[in-house]
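One protein chain, two forms: both are listed below as structure tokens, the first as structure 1 and the second as structure 2.
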Structure 1
């Protein structure tokens, strides 16, 4: 009798648990699925109930979003900025992290301290001073070149992206370098390899797992970034997230909804695919680094 009751209670608890899990999963999947389905709806369908399924495949939205709303162009801007900032960041951060982890030199403590302090400076606070600084550089450029080159510049945007993500990247990488055994380097030195060669051919390959984690996180950060791109690119050239927000406002005003959701799909899809492919590494890496925007 007693075990019977315990069994019922156990079943009841399990049912509640599943209901909770499924409810949360639905709250995430349904809106995202809805975006995909809305992206192939015709405009007239948006005036009915939003829960109705699309009547057909209205691919015209994609053509409109890519050409008319220029999302195709923004897409390539985003690809360019993300690739360039990642390259810059890795090229600059890896040697610095390695040296900070391995060498004793004058000023090492202060450099370490500076980068650690940098972890606490969020870019949202300093985006306006960065904008003003670039504006000032533009004035100088006007006098010399006759035009401003520091704003509306995808390369400058990439440099800012890479720079503002240095503290976190260096922190993660140098922590990893510290865990590697010194015997590999010593062997390389005995073989007569230079510092540079040792770093590039011995240590960097060994640090590959942490470098990949760092690339993943920074890829997401750069691809998704909104506020710096908005501030430093006031002209017509935009990255995808900024283009998307503009489209959101414009299409809502014009009551032309289809291309908006197409735009959402275009921004979301690469990230979702990457995530599904790498989710294990991503969630593991996160708990090591303790990262939060």
Structure 2
């Protein structure tokens, strides 16, 4: 009897978990499907049943959003900023995390403490000091070069993104490097490899799951970031989230909803594609980091 009761309880608990997971999946899939279907509706269809399927494929919404609303330009600006930010971030974070995890040197605890303290600083709270600092440098650039180079600059925005996400990235990567056995490094040193070659050709390939994980997390942060881009890009050049908000305000005033939902699809699609491509690596990177050496 006790065995049967335990079996029934286990089945009941599994059924509850499956029901909750199905409900969660539906709560995510239904809004996504609704946004995709709304992006190909004609404007007149929004005044009827909002849950009705589109009567046809109105691809004009995508052309209007890309050309008239300049979402195509904003999309490529976001691609450039995100790619450059990730490149700078990984190029700096991987060596820093490796050194902090595998080497003992004077001042290591202080450096590690500073990076840990950076985890508790919300960049949105320091965006005004960053703006004022760049504004001062911009005034100096005007005096020397005759033009400003620190505001409304995609490269500078990328540097700010990368630098403000360094603590989080170094924290994750250094914890992962600590889980790797030192025997691999010792074998590489015996073969005559330098510290840099050992890191680049031995340790970094082993840390691929963790690196892919931080790339995905930071991609989401850079791709969807709004406040810093709005503050540091006051000119006509915008990233996609800022351009989408401007489109939202314009299309609501004009009561033209098709291009608005098209903009949402353009923002979401790269994130969904990247997640599908890196799902297995992401799961591996999140679980294996908890293994102790």
Partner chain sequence: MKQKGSKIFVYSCIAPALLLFAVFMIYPTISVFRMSLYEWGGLSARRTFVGLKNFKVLLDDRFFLRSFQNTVLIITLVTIITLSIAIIFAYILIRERIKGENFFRVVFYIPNILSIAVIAAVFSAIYAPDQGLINGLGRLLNPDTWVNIQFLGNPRLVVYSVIGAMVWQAIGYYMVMYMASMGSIPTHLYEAAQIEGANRVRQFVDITLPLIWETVRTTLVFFIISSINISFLLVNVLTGGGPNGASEVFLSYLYRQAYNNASYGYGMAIGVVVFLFSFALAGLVSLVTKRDVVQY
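Residue numbers count along the first chain shown, from 1. Quantities reported herein were computed from a predicted structural model and do not represent experimental measurements. Under this definition, the rigid core comprises the largest set of C-alpha atoms superposing within 1.5 Å between the forms.
Novice: Of these two, which one is the form predicted together with its partner chain?
Specialist: Answer to the question: structure 1 is the form predicted together with its partner chain, whereas structure 2 comes from elsewhere.
Novice: Once you overlay the rigid core, does the Cα of residue 230 travel 2 Å or further between structures 1 and 2?
Specialist: It does not, since the residue 230 C-alpha is displaced less than 2 Å between structures 1 and 2 after the core fit.
Novice: Tell me, please, whether between structures 1 and 2 the C-alpha of residue 63 is shifted by 2 Å or more, with the rigid core used for superposition.
Specialist: After core superposition, the displacement of the residue 63 C-alpha between structures 1 and 2 stays below 2 Å, so no.
Novice: Superpose the two forms on the rigid core and tell me the Cα shift of residue 25 between structures 1 and 2 in angstrom.
Specialist: The alpha-carbon displacement, core-superposed, is 5.2 Å.
Novice: Superpose on the rigid core and then read off how far the CA of residue 9 has moved between structures 1 and 2, in Å.
Specialist: Its C-alpha shift, to one decimal, is 12.9 Å.
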